[in-house]
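One chain follows as structure tokens, the form predicted on its own.
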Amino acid sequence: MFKIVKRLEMAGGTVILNEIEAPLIARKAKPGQFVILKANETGERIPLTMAETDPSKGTITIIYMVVGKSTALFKGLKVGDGYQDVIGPLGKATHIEKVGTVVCVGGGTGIAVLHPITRALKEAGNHVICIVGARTKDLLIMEEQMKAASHDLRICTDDGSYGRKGFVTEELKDILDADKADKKVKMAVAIGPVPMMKFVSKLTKDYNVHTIVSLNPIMVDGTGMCGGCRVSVGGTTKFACVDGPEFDGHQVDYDELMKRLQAYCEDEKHCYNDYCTLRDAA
């Protein structure tokens, strides 16, 4: 059993942080990689990218949003409880090198995935500008961690309750416009909701800025066997879990990706509602 040693509820309890004992994974994991977790014998396998690893403590940290039956089951686990299975590290690690100025853009729980990548890029000697966004201030996560992991942190909220009012793409456009003469921005990394990654990639393509996106939202079994994470990248079919989860953002077919994500929304909703009904009646 992989014991939970720290648990934190964020964003009004809709986002949960679990620090989990997994010493072998903690020693090998690199930024961008993920693990597969299963709460119990009958639980679903859920792939989640690690927000933090601590080899000295032998722990990994995952942050997830409660959106369905399995994540609701995860939420019921307390400190001292454990996951039956934690498998990893899986997926290809982020390629980290010194390129110059890098803009890292995160939205929602994608900020957690972005955190170790942002920190690694800074440690490699890059000048890191980070833009993080949420619908409201209450839903913003990891502000202090992202501030420490970057040189310049910009915050956006849809409703203007904190930071700049508007989308992360508006802040990104201002940065790229100011950079037109110097061309210091060499790369962008965008992780969050698929529509956000789509529009960040569309914007950076106009400025000829190489962009990496993480397609972890579409992963299912994490081994390439189920085929649920098929995505077209540059006209070629890839599997997000084994070929990624990171890809060239300018090559991803986002429209196809969003259709695939929506395929089982109704089934997932019914499953979640049935679980909540049985849980509340117990």
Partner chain sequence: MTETDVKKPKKEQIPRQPMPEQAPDVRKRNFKEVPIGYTPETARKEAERCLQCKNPGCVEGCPVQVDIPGFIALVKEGDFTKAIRNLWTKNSLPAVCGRVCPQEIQCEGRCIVGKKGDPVAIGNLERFAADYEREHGTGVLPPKQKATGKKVAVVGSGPSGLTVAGDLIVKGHEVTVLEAFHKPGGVLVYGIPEFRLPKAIVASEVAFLGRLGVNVECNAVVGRTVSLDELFEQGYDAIYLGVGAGLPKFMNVPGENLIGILSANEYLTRANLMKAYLFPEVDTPIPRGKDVVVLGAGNVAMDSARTAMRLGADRVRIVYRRSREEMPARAAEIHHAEEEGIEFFLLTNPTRFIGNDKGRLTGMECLKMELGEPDSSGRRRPVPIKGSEFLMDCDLVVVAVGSGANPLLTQSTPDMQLNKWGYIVADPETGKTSKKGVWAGGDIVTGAATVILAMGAGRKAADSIHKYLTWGW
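What you see is a predicted model; the values in this text were computed from it and never measured. Residue numbers count along the first chain shown, from 1.
The next section is about a form of this same protein that is not shown, the form predicted together with its partner chain.
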query	finding
Check all three, 10, 199 and 204, heavy atom within 4.5 Å of its partner chain in the predicted complex	no
Partner-contacting position among 187, 175, 87, 194 - heavy atom within 4.5 Å of its partner chain in the predicted complex	87
One stretch from 119 to 127, 67 to 75, 101 to 109, 162 to 170 that, in the predicted complex, holds residues within 4.5 Å of its partner chain by heavy atom	67 to 75
Non-hydrogen atom contact residue 250 with its partner chain in the predicted complex at 4.5 angstroms	no
Exercise: residue 16 in contact with its partner chain in the predicted complex, heavy atom 4.5 Å	no
In the predicted complex, residue 28 touching its partner chain (heavy atom, 4.5 Å)	yes
Partner contact for residue 224 in the predicted complex: its partner chain, 4.5 angstroms, heavy atom	yes
Contact set, 244 to 275 vs its partner chain in the predicted complex - heavy atom within 4.5 angstroms	256, 259, 260, 262, 263, 264, 267, 268, 271, 274
Closer or farther in the predicted complex, the Cα atoms of residue 65 and residue 220, when the shift from this form is 3 Å or more	farther
